[in-house]
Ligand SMILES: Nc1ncnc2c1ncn2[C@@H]1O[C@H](COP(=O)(O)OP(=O)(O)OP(=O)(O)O)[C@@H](O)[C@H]1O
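The chain below stands alone, shown as C-alpha cells; this is the form predicted alone.
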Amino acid sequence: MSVYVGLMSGTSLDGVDAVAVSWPDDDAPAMQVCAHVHRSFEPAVRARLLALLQSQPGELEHAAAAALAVSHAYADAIDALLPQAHLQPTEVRAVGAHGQTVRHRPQAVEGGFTIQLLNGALLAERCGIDVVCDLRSRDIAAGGQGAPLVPAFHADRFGAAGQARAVLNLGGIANVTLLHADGSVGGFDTGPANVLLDAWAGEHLGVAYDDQGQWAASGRVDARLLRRLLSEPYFQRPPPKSTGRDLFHLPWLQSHLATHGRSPAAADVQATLADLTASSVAGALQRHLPDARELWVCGGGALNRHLLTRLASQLAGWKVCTTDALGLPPQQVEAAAFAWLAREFTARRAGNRPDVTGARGPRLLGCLYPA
C-alpha cells in the first residue's frame, strides 16, 4: 500500500484541503481516503492573496512573502492530517501540492503562463516528505491550457464503462469533466461559480459565503441582467479553455451592473449569479455531452443547496447528485486529485489529458522537491 497526500487551495481562497490517500502497490485503481482536514487561511494571508490578484507596487516581495505563508499553511494542514491518518511522514510516498493561483493566462500573447504561489523547498523542509508541485506549467509549455487537470483523475475514479456521465467541480470557477460512453474524456472551465457568489455576499452581507445559497434563494432572477452576463464571449468559446479571477471578479460584475440601466436588489443579483453558474454549466453539458443523464457534483459549491436545485431545474431528466453517492465526499475530491497527480509523477506517468487541455501530447506534470 502506498500513501500520498494531496493539498489544494482553490480560487475561492477559503483555505487548504488536505487528504491522505492510499492505493494498492500493484497500481490497481482502488483508492481509499484515510483522512481529510480543512484549514482556513488566516485573514491576513487571505487579504494578501486577494491583493495579489491585481498588479501592485512591490508585488514581487509581496508574492514571495505570500508563497511562504501559503507553504506554512500547507505544512500546518499536513501536521493536522497525519495524526488523524495514524501516519508518520516516512510512511507518505509524496505530497502533491497545488499552490495558490494568482495569475492564469495560458493564451497570453507573449507566451502562456500560470502562477501558483508556493515555496516547495520550504514545504519539503517543514513536512519531511517529497513534494511534487508546479503541476500546471508543463502542460502550458506544451501548448495546453494547464487546466483543468482534474478530468484525468475524474476518469480514473468516476468513469463507468459504456456510460456517459459528467462530473462538475464547483470551486471558485466551475469546471466540467465529460466522461463519454466510448471512454473518451473531455473537460473545460465553464465559467464562474463561488468566486462571484462569495464576492457579492461579502460585499453586501459581510460574510465569506452565502450559506447553502439561502440569500440567493430569497431573491428573484433578473432575466435581463442574466442575458447581459451570459453575453461574455468566454461562454461561447469552444474548448479547450480555462479561466479564473483574471476574468471573473467583482469589477467584472460591477461593470455589467453599471450599464444595466437600473439597480436590482442585492438579493436579486445573488439569485442571478446562481443562475449564471447553473445556466453556463447546463448549456455546456447540453452542447458537449448531450447523451448523458448523470451529473456528479463536487467542490465547496456542492454544499450550496440552492445552486444544485437550479442546476437540476435546468437539466431536466438528469440525475444531479454529489460525489458522496460515488464514495468520495465533495470537499475531498480536488485534494485527492492532487494526491493522484503526485502518484502519477512518482510512477513517471503523464498526468495531463491533451484532449482536455489542448497540449501537444501527454506530459509528466510537476517538479520534485525531495525531503
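In this text, residue numbers run from 1 along the sequence as written. On a predicted model such as this, the values are computed, not experimentally measured, just so you know.
The same protein also exists as the form predicted together with the named molecule; that form is not shown, yet it is the one meant from here on.
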Picking from 178-186, 139-147, 294-302, 271-279, which part of the chain touches the named molecule in the predicted complex when contact means heavy atoms within 4.5 Å? 294-302
Every residue in 76, 119 and 336 with a non-hydrogen atom within 4.5 Å of the named molecule in the predicted complex? no
Evaluate residue 240 for contact with the named molecule in the predicted complex, applying a 4.5 angstroms cut-off between non-hydrogen atoms, and reply yes or no. no
Would you classify residue 218 as touching the named molecule in the predicted complex, given a 4.5 Å non-hydrogen atom cut-off? no
Although the named molecule is absent from this view, report whether residue 358 comes within 4.5 Å of it in the predicted complex, heavy atoms only. no
With heavy atoms only and a cut-off of 4.5 Å, decide whether residue 190 touches the named molecule in the predicted complex. no
Among 130, 198, 222, 134, which has any heavy atom within 4.5 Å of the named molecule in the predicted complex? 198
Could you list which residues of 195-212 come within 4.5 Å of the named molecule in the predicted complex, counting heavy atoms only? 198, 209, 210, 211, 212
